[in-house]
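First comes one chain, alone, set out as structure tokens in the form predicted alone.
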């Protein structure tokens, strides 16, 4: 456990350094962006000194990461609002979109992946695999635009954009999230179908599955009884790896549906060159991905107790 914690902390520190280096390398001068084209060299120098962007690289990084370790992400260079204050209200939007989108992807992938595996030599399996390939080829933003055109503009069943906080009521909150969640979950579900199919195909070749079939169990009963648990390790691994893809997809979806989430905040601050906010948002997203990957490692032992025994040995 201590080794995993050390790896987690080291990975987060390494990621923070990479984030800082990349943001420092971005073109543009935030002082010039804030003051405008008519600023004098003296005014620009004074603004850089105020923001601290004229200091050496290592000092800037040490100051930033030191603040982060104490829970202080700094203050926006434009609005002087604490970065944490800017991030907090947007967490609900992005977390709702990511979690619901991932849940929908699983709801799509598990049954259709089983169909693609069990009926692989029948038209049902072929059709499912073909639809999955087609879904993988559709960009998330294009799926979002298509959903808006059909269900918001043409049929007017759901809002085309915007967001209603959950505190204002479950109905408005859900209605604003239906189309974004479907756009994100359907595309990710198409990707996961292939992995679910491969995991179940491995189960179909195992002795315990053949034994269950030999005593009279149907294919679906044998797969449900033995296949899901034994394929869970592969599925959990894939979900951990796909999380970063889901978050990136959520950022794109937020722009399509004008959702005030972390993705919209990130892209807006990149445009303004407000790098202190960009660093805070990206570091938070990296932290979440690393945390989920750590949870995936721990879940292995919960799914398969044999791994705990081998780990002690």
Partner chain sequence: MKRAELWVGGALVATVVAMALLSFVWTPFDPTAVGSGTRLAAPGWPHLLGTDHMGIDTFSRILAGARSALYVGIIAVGIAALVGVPLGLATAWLPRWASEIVMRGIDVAYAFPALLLAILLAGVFGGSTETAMIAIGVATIPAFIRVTRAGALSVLSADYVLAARASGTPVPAIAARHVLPNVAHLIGVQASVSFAMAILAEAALSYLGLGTPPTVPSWGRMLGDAQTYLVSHPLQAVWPGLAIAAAVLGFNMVGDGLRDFLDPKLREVA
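Quantities reported herein were computed from a predicted structural model and do not represent experimental measurements. Positions refer to the first chain, counted from 1.
There is another form of the same protein, the form predicted together with its partner chain; it is not shown, and what comes next is about it.
By the criterion of a heavy atom within 4.5 Å, residue 95 is excluded from the residues contacting its partner chain in the predicted bound form. Taking the partner from elsewhere, residue 148 is found to have a heavy atom lying within 4.5 Å of its partner chain in the predicted bound form. Though the partner is left out of this view, residue 121 does reach within 4.5 Å of its partner chain in the predicted bound form, counting heavy atoms only.
Though the partner is left out of this view, residue 136 does reach within 4.5 Å of its partner chain in the predicted bound form, counting heavy atoms only. Residue-level contacts in the predicted bound form: of 276, 251, 39, 31, one residue has a heavy atom within 4.5 Å of its partner chain, and it is 251.
In summary, among the residues 46, 244, 35, 62, the only one with a non-hydrogen atom within 4.5 Å of its partner chain in the predicted bound form is 244. Proximity to its partner chain in the predicted bound form, taken as heavy atoms within 4.5 Å, picks out 113-121 from the listed stretches 87-95, 169-177, 67-75, 113-121. In sequence order, 251, 252, 255, 256, 266, 267, 270, 273, 275, 278, 282, 285, 286 are the residues of 251-287 having a heavy atom within 4.5 Å of its partner chain in the predicted bound form; the partner itself is omitted from this view.
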